[in-house]
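Shown here is one chain on its own, the form predicted on its own, set out as structure tokens.
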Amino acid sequence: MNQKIIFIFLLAFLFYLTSQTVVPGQSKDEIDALKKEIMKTKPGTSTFLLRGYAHSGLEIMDDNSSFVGGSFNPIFLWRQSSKLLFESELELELEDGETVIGLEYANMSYFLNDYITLRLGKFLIPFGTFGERLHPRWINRLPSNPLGYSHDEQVGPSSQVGIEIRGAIPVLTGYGINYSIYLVNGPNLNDGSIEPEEAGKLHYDNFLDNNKNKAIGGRIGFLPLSDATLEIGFSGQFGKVGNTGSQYEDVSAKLYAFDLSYVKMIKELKSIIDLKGQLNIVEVDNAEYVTGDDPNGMYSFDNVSKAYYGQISLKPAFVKNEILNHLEFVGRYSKLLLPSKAAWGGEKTQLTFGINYWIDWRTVVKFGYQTITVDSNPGLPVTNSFLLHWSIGF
């Protein structure tokens, strides 16, 4: 028999004997001390947990209607010990008639102490709070994302590959600071050589870096009230985005975000009010790009993008009516401002209202009405949508 197996068997047998018998003249404290010594030599144990969320729904627009969703996002958590944790999220969804599988994040964490955690891998970037905390379908209070906060129209990173140090520092009771500092591959610049219509645009899924430079960033959040109902956050990320050896290798990008969260119980209304807001700003150094019509022609523009939203929700959770206390009323205003002279530029405004019915604390049916106006082209009609989504977290 393998020596290691024999050793583990003997330890287990010894542990059993010490838990069942008392040696004459041996005190309980001595027995407890012996048990602790045995546990120190016991091989490490691991814990596995499967969580995640899913959603599906119906979307009715001006010119079409369709059932959507059928998405499934399993989250795998594997705790190797009290200090080691692995987490990963897969994204399975229907897109263009196919099932698409994506890796939202996969990283390892080591808890150095109560205030410092080290993370390595692909992780959700703490650039503001929407991408890291609020984007899951059952947490997002509306059926859609704000303009500029989804993968197809993205102003600011959502997940990237690198290393991070994060944690929280209590200052006084109820007051505190949370922080994150990270080094990642960073976004890469589309120079327009293949897609001239996207020249000057940043792409954030830079899994293999396109240059030797790494982007450095972080976020700091302040909880200035003693009841911790208010959090104000400031984020930044800085680095070069051009390809090494190209004429754009010295082009850099500066990204900023400001976020706010306020959650408070209003006793007079027997309700919980929830305010959320965020502003993302992306500034890319000016450069010249090939025009789409003339390969020899070049043009440049002020490459600054902005996206922001403000949201308010009211949940009468403490009223006695069994229907009303399951409802939540939500409103959101969002704005997307892309460079006006870029081929992909323009301005949009989104206004969304919703009523949610919470079946339980992590299962919600969301009814929403949304309008999107293309401000940079008043000739385009307003897009109206009725949205019905059923989301569940598990």
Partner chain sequence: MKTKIINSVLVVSFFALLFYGCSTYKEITSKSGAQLWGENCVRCHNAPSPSAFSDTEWETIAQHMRVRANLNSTQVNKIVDFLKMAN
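Everything quoted here is computed from the prediction, not taken from an experiment. Numbering follows the first chain given and starts at 1.
Keep in mind that the form predicted in complex with the partner chain is not shown, yet the notes after this line are about it.
Residues Arg119, Ile139 and Lys276 are all found to lie within 4.5 Å of the partner chain in the predicted bound form, as judged by heavy atom distances.
Residue contact with the partner chain in the predicted bound form: Ser252 places no heavy atom within 4.5 Å of it.
Proximity of Arg362 to the partner chain in the predicted bound form: non-hydrogen atoms within 4.5 Å are present. Among residues of the shown chain, Asn321 is not one whose heavy atoms approach the partner chain to within 4.5 Å in the predicted bound form.
Taking the partner from the other structure, the partner chain in the predicted bound form has no heavy atom within 4.5 Å of any heavy atom of Glu195. Remark: of stretches 148 to 156, 278 to 286, 101 to 109, 207 to 215, the one touching the partner chain in the predicted bound form is 101 to 109 (heavy atom within 4.5 Å). For the options Ser261, Asn190, Ser71, Asn243, the one in contact with the partner chain in the predicted bound form, meaning a heavy atom within 4.5 Å, is Ser261. With the partner omitted from this view, the residue of Ala168, Val304, Ile163, Leu269 that lies near the partner chain in the predicted bound form is Ala168 [heavy atom within 4.5 Å]. Interface residues of 211 to 229, taken as those with a heavy atom within 4.5 Å of the partner chain in the predicted bound form (partner not displayed): Phe222, Leu223, Pro224, Leu225, Ser226, Asp227, Ala228, in sequence order.
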